[in-house]
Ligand SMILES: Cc1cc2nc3c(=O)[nH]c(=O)nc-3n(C[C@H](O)[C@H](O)[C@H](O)COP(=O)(O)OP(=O)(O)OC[C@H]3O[C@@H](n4cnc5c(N)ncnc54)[C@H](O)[C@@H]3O)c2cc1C
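Heads up, the chain below is alone and in the form predicted alone; it's given as structure tokens.
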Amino acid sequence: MDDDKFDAIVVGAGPAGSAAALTMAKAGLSVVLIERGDKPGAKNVMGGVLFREATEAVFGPLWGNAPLERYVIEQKLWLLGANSVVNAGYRTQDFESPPYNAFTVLRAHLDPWFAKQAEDAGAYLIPETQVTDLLSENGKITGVRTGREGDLFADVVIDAEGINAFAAVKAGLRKDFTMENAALAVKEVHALPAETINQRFNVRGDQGVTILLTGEFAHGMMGSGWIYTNRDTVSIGFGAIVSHMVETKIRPNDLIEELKAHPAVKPLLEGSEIKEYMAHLIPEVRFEELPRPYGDGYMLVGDAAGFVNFMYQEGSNLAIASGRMAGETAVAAKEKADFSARSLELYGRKLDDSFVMKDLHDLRKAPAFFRSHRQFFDVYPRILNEAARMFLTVDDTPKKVRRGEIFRMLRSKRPLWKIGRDMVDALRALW
């Protein structure tokens, strides 16, 4: 580096940070992209689903260019009982041809590709560097302090540190997330031959499947599990609100072991070899508690700003979209030579006009609802599995009698007035 003053500094080379850096570099801004890992992706353990449209709006065509795993043609929901499953799903030929809808990914492979797009556009990547502080002068963020490169200065700092956002929290730009508004996710990656994956998940070639799971294995916590097919591995994991894990005193490792041992899940992993085990935090922030994502000389993007839509299992597309909008805002601020909060308010308006804030606002009541209605994670899956078993058991019991037995079972598990109240509460919270 010839100078220590730049147009922009981006802290964190995940999808949000690389999207911001690429957007600004393509517009001719001098950009530094700082990553604390030895390379982008080294500190990111998410292996899940990447949605095409928001990603291609920044990084261009993905399939055939980016290191993706499989294109998703089927999405399933499994409600697990103790030894059974009630499932629903959607599979369509519309998702079987380019440009596709979504892809399974492994961040360790994908993040370096994202960052390289930013580098190729002119951004300067500094790996293995921890930002310890955000520098300020007269209330305006002016740069960053690092242990390796010393102090670096810029007109604007875009914070893409992720959920912990140590520097942003230390600088008072955002409150630290608590056990109540963060989820702990644990994940394993299991190696299996591609042909075995195809056979077990009923796909061919590069087709992929995602499965979202909840039920009795969650032990009444607000949480869910997932299974994703990769090229020659399968990702399986579980995440729940941290405070609920503390309350139940169940170790994350025990939860994932219980999930893997379930009769519906075990055959999918049979004969596999565990390649990775990891854990990370995910924001689960109530809408009204989201931090203001901009101020004098700074913007917050992705997980650092709490942009995760837990209802739809979306995070990467919100991160990339917010990174792009922050980058566009920085370009506009450069043209005006004004990086004040008044100028960067454009970022807030862009967010408000986009699917990011519209979706989060639409579901603003959902986090509180599910925290107070945890029966949706154990009682109702148990009821559905028991009802399905009784309904499908064929013996000499007349069907009218059997329907009566199911109705009495339902009432014994959950009084009808409580079921009615739950449904009304759900409509109010989610509609």
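Residue numbers run from 1 along the displayed sequence. Quick caveat, the model's predicted, so the values are computed rather than measured.
The next section is about a form of this same protein that is not shown, the form predicted in complex with the ligand.
Visitor: Does the trio Phe59, Leu110 and Asn202 actually contact the ligand in the predicted bound form, every residue with a heavy atom within 4.5 Å?
Guide: Per the other structure, none of Phe59, Leu110 and Asn202 touch the ligand.
Visitor: Of the residues Val86, Ala264, Ile282, Ala341, which one places a heavy atom within 4.5 Å of the ligand in the predicted bound form?
Guide: Spelling it out, the residue with a heavy atom inside the cut-off is Ile282.
Visitor: Using a 4.5 Å heavy atom cut-off, which residue among Val131, Leu173, Ile73, Val234 comes into contact with the ligand in the predicted bound form?
Guide: Exactly one residue meets the criterion: Val131.
Visitor: Hey, in the predicted bound form, does Phe376 get a heavy atom within 4.5 angstroms of the ligand?
Guide: Phe376: no contact with the ligand in the predicted bound form.
Visitor: Ala123 near the ligand in the predicted bound form, any heavy atom under 4.5 Å?
Guide: Heavy-atom contact with the ligand at 4.5 Å: absent for Ala123.
Visitor: Does Val301 make contact with the ligand in the predicted bound form, using a 4.5 Å heavy atom cut-off?
Guide: Yes, contact at 4.5 Å.
Visitor: Answer yes if any heavy atom of Thr178 is within 4.5 Å of a heavy atom of the ligand in the predicted bound form; otherwise answer no.
Guide: Although the ligand is absent here, Thr178 would stay clear of it in the predicted bound form, with no heavy atoms inside 4.5 Å.
Visitor: So which of 93-101, 222-230, 249-257, 345-353 is the stretch with heavy atoms within 4.5 Å of the ligand in the predicted bound form?
Guide: Among the candidates, contact is made by 222-230.
Visitor: In sequence order, which positions of 308-325 have a non-hydrogen atom within 4.5 Å of the ligand in the predicted bound form?
Guide: Those in contact are Val308, Gln313, Glu314, Gly315, Ser316, Asn317, Ala319.
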